[in-house]
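In structure tokens, the next block holds one chain alone, the form predicted alone.
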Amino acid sequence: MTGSFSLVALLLRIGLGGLFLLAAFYKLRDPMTFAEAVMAYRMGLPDALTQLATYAVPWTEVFCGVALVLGLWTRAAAAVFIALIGVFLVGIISVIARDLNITCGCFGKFKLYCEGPVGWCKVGENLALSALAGVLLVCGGGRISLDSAAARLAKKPT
């Protein structure tokens, strides 16, 4: 890989990983508000599944965010990132189809790009994030990553 891609990969990893960590921070800081946000989507989830999501989603975001920032298991972390965004997209499109007027609840009061209630802007925002994570899924974390350092160490003769 070229040096310029390694820099792009580093920036993508830090940006996407940092975004996941920010989202997790807001969810873990106030789990009740996140649980209410999940319930606002009216997906018909049993209470136990809503409660599981309230804690599993932010901790998944923490582990995935840290892995991306460090460039550790980059492809796996990018795949988890894309899978979570896919789940979020199902909820968002469901809200749009049912004409519900709710806010995302993803980042607390912080807005990434889209303002106001959940709508097509949020779909575009999530698709863009998925595409960026897709670059890491396909190409890996670049030379400036723990993945790359581990690969170099594995190739050294003993």
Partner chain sequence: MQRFWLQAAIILGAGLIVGLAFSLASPVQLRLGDVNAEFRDRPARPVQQPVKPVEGGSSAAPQSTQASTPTPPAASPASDLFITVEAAKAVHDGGAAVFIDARPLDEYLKGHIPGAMHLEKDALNGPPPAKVLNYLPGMEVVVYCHGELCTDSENVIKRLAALKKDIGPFRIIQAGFPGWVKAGLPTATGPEVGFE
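Predicted model only: the values in this text are computed from it and were never measured. Numbering follows the first chain given and starts at 1.
The next section is about a form of this same protein that is not shown, the form predicted in complex with its partner chain.
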Distance check, Asp99 to its partner chain in the predicted bound form, heavy atom within 4.5 Å
yes
Should Ser130 be classed as touching its partner chain in the predicted bound form when contacts are defined as heavy atoms within 4.5 Å?
no
Since only the chain is shown here, I'm wondering whether Tyr113 would be in contact with its partner chain in the predicted bound form (any heavy atom pair within 4.5 Å).
no
At the 4.5 Å heavy atom threshold, is Val123 in contact with its partner chain in the predicted bound form?
no
In the predicted bound form, residues of 61 to 86 near its partner chain [heavy atom within 4.5 Å]
Phe63, Cys64, Ala67, Trp73, Arg75, Ala76, Ala77, Ala79, Val80
